[in-house]
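In structure tokens, one chain follows: the form predicted on its own.
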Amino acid sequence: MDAARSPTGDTRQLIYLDHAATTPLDPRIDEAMRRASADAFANPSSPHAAGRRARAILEDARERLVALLGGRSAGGSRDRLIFTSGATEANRLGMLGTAGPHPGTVGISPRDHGSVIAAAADLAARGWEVRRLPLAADGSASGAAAILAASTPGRVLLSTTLVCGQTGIRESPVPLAETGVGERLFVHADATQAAAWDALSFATLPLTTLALAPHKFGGPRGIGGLLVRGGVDVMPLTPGPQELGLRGGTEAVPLAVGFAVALHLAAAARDEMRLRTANLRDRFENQFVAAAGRHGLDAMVVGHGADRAPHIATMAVRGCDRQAFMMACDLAGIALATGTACASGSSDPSPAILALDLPGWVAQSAIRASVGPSTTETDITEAVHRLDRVFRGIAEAGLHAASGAG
């Protein structure tokens, strides 16, 4: 926990429950990047010895990442990892870079990140037909995507989000395996919230591109990656000689090293951390609902019982405005979110929650908590203790709907 100062001047420990937005930098990764900064300070495009040293370290990081993601690292059909500035750029490159010169049909869903939605809008301006896929009862869009892919002639580009950043609900692109991926069908996967928690095998998944960023699992900000299936053409968004001609700009070698180390550490501890994190999340959810109930407030967990990643918990308190509730928690020293960080300035409810078959009040009041490797049992206990005071204040001020109200 970090020290925070309340508006009254009291110093308290900040309880950080927003790991889905970004995670603290792991000290082991910080140290690896410090060493890389000393060893690989030169431009990796320079032909001299220092440049070659930087290039070797960069390519080693790239190869380690391809292997950790289950990609093909050898042969004529080897997969390519393009370093980007983050997952937003990787999503855009995965969508726009593989679209091709002629319009087709693009399928997106309410699960998708804003960068994917924006890329689809750009394609619409080029003459593409945008199809918005409905969510199934389990919160996934893969079934609707498979139907669209099988029933639509011509070039089809689909987005799939492996773990929804708004609800934590997983989905698998496996239903697309029968539809000829890489021929007329191109499937981009956003694995930003999934990579730390789920072992990915890019070589066996029906995907053409996959995006991720290490700051979601203890790594550095300012870098992301797009894994591209061998043989798939990509048009650069920022032309230049670097990154196989697919992304111009001098590569940040220390960030690439930090990226590789972060994914390695996450993979090595994945089973243990998944169990530990899920236990913390479940405890928080149960105690959140119980604390609200003690003050006569109706609360629910979104996606309870669904197949979810272990780190995201989305709750709603009937009649409580989500922005006001988040601000009250912030004043109490608890860092929560009203949805994905990139959409935090929006006053609109979460599209992924609106698309679920839930009472209307849920989307209006839903907030997201997310835990990570640095979250402790003490953090959860103290967070619920502070939330109890927040709930008491809401109840005493009448800032909630009466029990049974819509």
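Quick note: we count residues from 1 along the sequence shown, nothing fancier. This is a predicted model, so every value here is computed, not measured.
This next part talks about the form predicted together with a small molecule, which is not shown.
Residues of just one listed stretch (259-267, 141-149, 285-293, 163-171) have heavy atoms within 4.5 Å of the small molecule in the model of the complex: 163-171.
Taking a 4.5 Å heavy atom cutoff to the small molecule in the model of the complex, the contact residue among Val106, Ala87, Val317, Leu227 is Ala87.
The listed set His215, Arg155, Arg92, Arg131 contains one residue whose heavy atoms approach the small molecule in the model of the complex to within 4.5 Å, identified as His215. Site residues Arg281, Thr375 and Asp379 are none of them in contact with the small molecule in the model of the complex, judged by any heavy atom within 4.5 Å. Contact check for Ser159: every heavy atom lies farther than 4.5 Å from the small molecule in the model of the complex. Arg308 falls outside the set of residues with a heavy atom inside 4.5 Å of the small molecule in the model of the complex. A residue is said to contact a partner when one of its heavy atoms sits within 4.5 Å of a partner heavy atom; Thr209 fails this definition for the small molecule in the model of the complex, lying far away. In the model of the complex, the small molecule lies farther than 4.5 Å from every heavy atom of Ile15.
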